[in-house]
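In the block that follows, a single chain appears as structure tokens, in the form predicted on its own.
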Amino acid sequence: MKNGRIKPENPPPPEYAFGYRHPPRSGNEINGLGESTRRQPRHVFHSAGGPPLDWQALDDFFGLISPWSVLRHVIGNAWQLRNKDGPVNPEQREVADAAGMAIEIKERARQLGADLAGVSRITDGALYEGIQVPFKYAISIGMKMDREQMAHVPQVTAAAEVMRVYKEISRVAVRLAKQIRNMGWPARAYGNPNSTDILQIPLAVNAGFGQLGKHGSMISKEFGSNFRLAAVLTDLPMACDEPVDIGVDDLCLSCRRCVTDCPPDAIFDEKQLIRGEKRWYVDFDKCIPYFVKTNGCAICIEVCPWSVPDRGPSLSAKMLAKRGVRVGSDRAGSESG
């Protein structure tokens, strides 16, 4: 790692000693690639214990081959999430100031160990098809990963760090949910990286964490994509944050770093039509076998220029300033014409 930039050393080729005798339905089809009609997302990988998925066998295989350094964090996380729900104090704390409550809750999250915290309303786009939740608000929380450990992508060292952080941010979510229940308001922690009821990225975008990047993952100004997400769903009245524009598209439209470094060539150079919306998307059918082979990979999020420590704020300012100059020039040209 030089100047905070990561170049994976000798990542294995996209050649596999496993495969389906009868290939499942394309994950891209399940995800809605090319669909012009809006709909909710469907589960495609990482089963949470519901009906078997089309790609269930590969998901099961991924769990079976996980090394102990990774699996111990998975088990620890599952154990602490037994407390994701719990009894609610019958004496409910009255909330007269929703904005003040949002500030208090986000500060509580940071005191518990979160590096990022934000509030949003729960929308259909953040819920899987057929899922309903009895809550109005989502508190998104994020925790950065150790960049030195993540420099080892796509090796086991980095995979263990990913699951360690998931376990830690999950613990924050469980404790924050308990504090809210002690205030007399229902709350449920979501700290399992496997698919459950919700999609973390749409909630985090609406909570003002950042934007979706070309590599299909969240990019924040503070940590790029070098962080992990969890959430607490609740009815506690809070003022919501707003989505932010940090200039991600301004860079992603011209940058090809993740595209170039992706061994299975799974990252599109242009936005794709996904369930009626043009957005960045990663080819599931190419990505997921390599993901399984390489302990969860994560090359794309670590080679991303936004993930270089302390670079995000200046990069954002530069992208937005360039956009301002470009818009000003276009306006001046149209007026002179």
Partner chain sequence: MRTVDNAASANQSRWKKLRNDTSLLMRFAAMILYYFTTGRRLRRLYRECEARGEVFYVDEDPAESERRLR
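These numbers come from a predicted model, not from an experiment. Numbering follows the first chain given and starts at 1.
Not on display, but discussed next: the form predicted together with its partner chain.
D85, D146, D249, E222: which sits within 4.5 Å of its partner chain in the model of the complex by any heavy atom?
Exactly one listed residue reaches within 4.5 Å, namely D85.
Does I65 reach its partner chain in the model of the complex, with heavy atoms at most 4.5 Å apart?
I65: contacts its partner chain in the model of the complex.
With a 4.5 Å heavy atom cut-off, would you call A57 a contact of its partner chain in the model of the complex?
Flag for A57 set to yes.
Even though the partner isn't displayed, in the model of the complex is G50 close enough to its partner chain, meaning a heavy atom within 4.5 Å?
Flag for G50 set to yes.
Although the partner isn't part of this model, could you tell me whether C240 comes within 4.5 Å of its partner chain in the model of the complex, counting any heavy atom of the residue?
No, no contact at 4.5 Å.
Assess the spot marked by L212, S217 and V282: is its partner chain within 4.5 Å of a heavy atom from every one of these residues in the model of the complex?
Heavy-atom distance to its partner chain in the model of the complex: none of the three under 4.5 Å.
If we take heavy atoms and a 4.5 Å cut-off, which stretch out of 168 to 176, 69 to 77, 249 to 257, 232 to 240 is in contact with its partner chain in the model of the complex?
Among the listed stretches, the partner-contacting one is 69 to 77.
Need the contact residues for 17 to 39: heavy atom within 4.5 Å of its partner chain in the model of the complex, sequence order, or none if there are none.
The stretch touches the partner through A17, F18, G19, Y20, R21, H22.
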